[in-house]
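Take a look at this single chain in structure tokens; it is the form predicted on its own.
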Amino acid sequence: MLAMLRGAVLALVLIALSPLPALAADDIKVGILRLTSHSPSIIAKAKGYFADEGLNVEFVPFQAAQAMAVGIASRDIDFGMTAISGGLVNLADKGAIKVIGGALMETDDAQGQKILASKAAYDAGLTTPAALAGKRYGVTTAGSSFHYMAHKIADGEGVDRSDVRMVPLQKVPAIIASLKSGQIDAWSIVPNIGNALARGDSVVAIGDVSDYIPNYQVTAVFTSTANVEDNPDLVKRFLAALSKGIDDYNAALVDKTMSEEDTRAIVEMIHEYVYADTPIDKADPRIRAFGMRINPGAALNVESVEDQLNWFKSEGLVPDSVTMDDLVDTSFVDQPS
């Protein structure tokens, strides 16, 4: 019996010293637009930050913010990071979506979005945003961030919102083509795209969005209400990994504190999804030109989100009954410092 007891103890010791089998990672789908602003998710996957949090990430590409919000509500994707749209707010009102963090933001210490005019409109007098009355402004859809920016710029210049004609064109490439050809008169867009267009002969930069919407929370991180309520640990792990990707993005492309070798590696990661059909030597400067800050720790400017919600209500794009509590869960991240 003593020999049997010794054998049992030895077996238990060997079991205790044996490596534990790895727990299966949680499979999640993350919506992305093929824009540099989605770099933190790309970096977090490429550098293993998601894997470190026990997350196996599959990216699902989208072409517009509203479609991504629908993807969250239908549970086709688990997390998204893009602009707050009227569709997203309406889905939040139905209890399907929650904003859980912030991403791209207009800040004083980094470049921001540009206000553009077609060369034809510029030559006809649209040399500053003060001349927007009667002009055609490109948007993807009604209730998009482009629509919001157009109205805030008009407000800042004392131009009646109804005097600026919104032209919905569904996709960014269609807006670019329409601006260059003079089919629309004005648009606002992130700096790498805006500055590149303004270097050509058909588009002129006439202002900065930050002059009209300071500290604008341009994009946000969101997920399903079910994830927030039933799986908060998953949400926390996602945000923890994303925050590491944000830190690397800011260091490489905004603050430029990362070494050239490491920055080049970051750019190569991003290039797998952004400007992927362009050779890396041409895509590299385009990616580096983006330069807008993404909030460390996915901090959320709640005041900016509330201003956007009030705008949606003022335009009749969402019910007056929608509250910030319906739209936002502030328990996962801080506000920007």
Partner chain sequence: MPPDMAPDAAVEARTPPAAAEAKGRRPVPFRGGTFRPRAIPFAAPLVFLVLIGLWELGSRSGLISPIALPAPSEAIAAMGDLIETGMLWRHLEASLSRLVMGWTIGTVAGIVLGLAIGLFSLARAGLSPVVSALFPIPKIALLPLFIIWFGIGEGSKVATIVFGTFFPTVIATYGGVDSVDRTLIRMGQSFALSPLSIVRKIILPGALPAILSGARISASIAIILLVAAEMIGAEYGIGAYILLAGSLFALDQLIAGVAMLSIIGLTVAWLIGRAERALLDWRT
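On a predicted model such as this, the values are computed, not experimentally measured, just so you know. Positions refer to the first chain, counted from 1.
A second form of this protein, the form predicted in complex with its partner chain, is not displayed here; the remarks below concern that form.
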- Partner contact for residue 86 in the predicted bound form: its partner chain, 4.5 angstroms, heavy atom: yes
- Query: With a 4.5 Å heavy atom cut-off, would you call residue 181 a contact of its partner chain in the predicted bound form?
  - Reply: yes
- Task: Give a yes/no on whether residue 32 approaches its partner chain to within 4.5 Å in the predicted bound form, heavy atoms considered.
- Result: no
- Query: Is there any non-hydrogen atom of residue 141 lying within 4.5 Å of its partner chain in the predicted bound form?
  - Reply: yes
- Message: Only one of these stretches, 198-206, 255-263, 161-169, 215-223, has heavy atoms within 4.5 Å of its partner chain in the predicted bound form; which one is it?
- Response: 161-169
- Task: Would you kindly say which of 70, 298, 55, 305 lies with a heavy atom within 4.5 Å of its partner chain in the predicted bound form?
- Result: 70
- Message: Only one of 243, 90, 113, 107 gets a heavy atom within 4.5 Å of its partner chain in the predicted bound form. Which one?
- Response: 90
